[in-house]
Structure formats: C-alpha cells, structure tokens
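Just one chain is shown here, as structure tokens, and it is the form predicted on its own.
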C-alpha cells in the first residue's frame, strides 16, 4: 500500500516560550492547538485540494505570526496537519479518523468536493470535534442531523436559482431569444441533484419564459462527453447550463468548442473564471457566465487585501477556492477564540452562534443556520472576458457591477 504523505504546514515555533504546566494527573497540559485536515492533494481533485491547502495555511500563518491564538487566559501556537486522500472517499474518511485518534487534533477543517466531505462528516460527531468546511456545498451534507459540521459555502441549489434569476433579467436586458430553450446537463451526484432541482424550480417560476429541451445527467470525472454534447446540439437550445467540477468543465468545454457548439448564454455553474481552466482553455473560456462565492473582482477592502497578498505569496491570481478556504479556517479560529476554551462541545456551541464579520464572501458576514449551513445566499454572477479578465455582472446594486456581453459572441 502506498504510504500516505503527511504535510505539517505550520511548524510550532512558539512552544518554547510557554511554561511546562502539569495537570492534576501529572501529564503535560496543552501547549499548542492541533488542527487537522484531509484534502485531495493528488488525484482528480488535486488542483482544488492544493488551493485549499494554500488558504488554510495563510490563515494559520496569520495567527502564528501574531504569537498564537488567544483562548481564555492562554495564547497557543497552532500546528496544521494535512493528509492527502488522493481524491478517494474511503481513504478520506479513514484519514480523518487517523487525525483524531493518532494525531489527537483538537479541531478539523474540511476537505474539498461534496463526495469527500460527505465521507468525512461522520467522524466529527463521533468524537465531538468541531469541523468547518468550505469545499462541499450540496444541501445533502446538512440533512443528516450532524451537530459538529459547519459549512461556509452557499448551496448549489442557490447557485442554480441565482443563475436562473439572472438569466430571466438578462433575457429582457440583452434581448435573448424567447422563450429561452435550455439544455441542462448535471453530474449524477448530490451536488448535481441540487443544481438540477434549482434549475427546474427556476423554470417553474417562469413557465412563460423558460422551456427545458434537454435534461440529462452525466458521471463525475468523465473523459469523453461527446455523446452528451451531441444531445445538446440536437436539442437546438439557445441556453446551455452545465453543473461540472473543474476537471469535467475543462474536458467538456474543450469538446464543446471542438464540436463547434454555440449558445446565446452558457454557464458551467461556478466554472469559467478558474485560473486552471483559463490556462487549459485560453480564449475558449471567454464570455462564460458563472455564479461564484468570491472573486478578486470584488472591490471590498478585505477582498483586495487578500487578493494582493495571495498574488505576492504565490505569484498567481486567486480563485474562490483559496478565498473560501481562508475564510473557513478564520471562522474556525474565531469560534475557538469566542469559546475561550479548547473543549469541543463548547467550541461547537460558539460556532453555532457566531457572526463572523470582515469575511471575504459577498456581504462580508458568515453566520450559520441551525443545520450548520451558511445562512443567506452570498453569491455573485460574473462573466469571463478576453485577457483573463473577470467582471461582476450581478447583482446590479454593487458598485463594481458591469453590463454583460450577451448574447455571447459567435467567434469565440
């Protein structure tokens, strides 16, 4: 069996400044906080998993550079331990348990991808260890009754609904052909089921405007979407909607372009602005519409500081992956600080009532519903443009919002 790689991201450098304190049992008292995470650093989701590693590391570095996290009367350095699950759900769950039983972590940060988060989420409740994640957005994650799971991503259902709301507005503003005939394809996972449910509810709300001409699922991590795209082409739709993770987006849209397909409006959910996608597809990714949890196009002070810092440290433009993982780690740390203790149930209660401000998500506030899902629907709509440019196109009330280029140009 291949040995798992253990990534110690933040080395404790402050422990020597803390006195050695013995408990009443004669054992050393806590001198550090251990936070564990299992991420897909290799495999199908390796790119996204490494982005999350970067965001988590940035947040932990902030605290350690300030001398540690203040918890009650003590200040603790933080060690972040990251294990690689290779994008495998079974391995992911067992490694989270290993972090708890072998590494004795105090708290957990979540993985990336709905399927991997779902594999992990049984462990936190079993051991009463708070777990905050920003990599899984399917509603199903929060329907299982777990009390120690908190998510910073608005749902995929909400993503679909805001896309449909924007599409209805765009139909009038940009004189798209009515009724809008829609070909929608979605991955056959809980993530995808959330997406198609949101799209269909949007259609039901405006039966005068929308008509579904293709509704088809596909398997995650595909290599050939040509038969699916032939169905899309045969549908003669004017709008193309696809729910796809980053690897599938790159493969599907490359084949879409090779087949010479064209639609007045095309969206791959949150895909399009991703730097990895832009590198793979070049100008082929121009003019796509995406619903995002964050973008460097946001002009708020917190977003601009984060984007500038990330670019300095990693010599690249950040995507939502890094921003949301950074927020996710900051929310966990704030919950620990607010609790004033390292006790798991007490920190869980503090997270349940947290109101984290100066967050990077649209609106700048993270709070949680009783089921642990982020409250509200913090999304923006963006459009990719030539020159690796991204512009916010919705909601209209934002000062950085621009008009979209629609219908999409045919010569992309």
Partner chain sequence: MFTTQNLVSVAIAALLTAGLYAVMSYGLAIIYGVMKVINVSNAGFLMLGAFMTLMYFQWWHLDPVAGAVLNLLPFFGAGWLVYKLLVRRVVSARPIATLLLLFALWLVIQNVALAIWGSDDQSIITAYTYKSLIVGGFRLPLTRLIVFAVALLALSLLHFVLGHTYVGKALRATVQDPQAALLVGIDTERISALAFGLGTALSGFAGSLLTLLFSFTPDFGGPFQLKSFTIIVLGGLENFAGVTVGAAVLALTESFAVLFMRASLQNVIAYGLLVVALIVMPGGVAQLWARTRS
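Positions refer to the first chain, counted from 1. Only a predicted model underlies this, so the values are computations on that prediction, with no experimental measurement involved.
There is another form of this protein, the form predicted in complex with its partner chain, and it is not shown here; the text below is about that form.
Using a 4.5 Å cutoff between non-hydrogen atoms, residue 210 does not count as a contact of its partner chain in the predicted complex. Not displayed here, its partner chain is kept clear of residue 102 by more than 4.5 Å at the level of heavy atoms in the predicted complex.
In the predicted complex, its partner chain lies farther than 4.5 Å from every heavy atom of residue 83.
The closest non-hydrogen atom of residue 145 lies beyond 4.5 Å of its partner chain in the predicted complex. Just one listed stretch, out of 67 to 75, 221 to 229, 126 to 134, 159 to 167, contacts its partner chain in the predicted complex at the 4.5 Å heavy atom level, and that stretch is 221 to 229. The partner is absent here; in the predicted complex, the one residue of 250, 244, 199, 149 having a heavy atom within 4.5 Å of its partner chain is 250. Distance criterion of 4.5 Å from any heavy atom to its partner chain in the predicted complex singles out 41 from the list 385, 58, 352, 41. Proximity to its partner chain in the predicted complex holds for none of 377, 395 and 398, with the criterion being a heavy atom within 4.5 Å. Along 250 to 269, a non-hydrogen atom within 4.5 Å of its partner chain in the predicted complex is carried by 250, 251, 254, 255, 257, 258, 259, 260, in order along the sequence.
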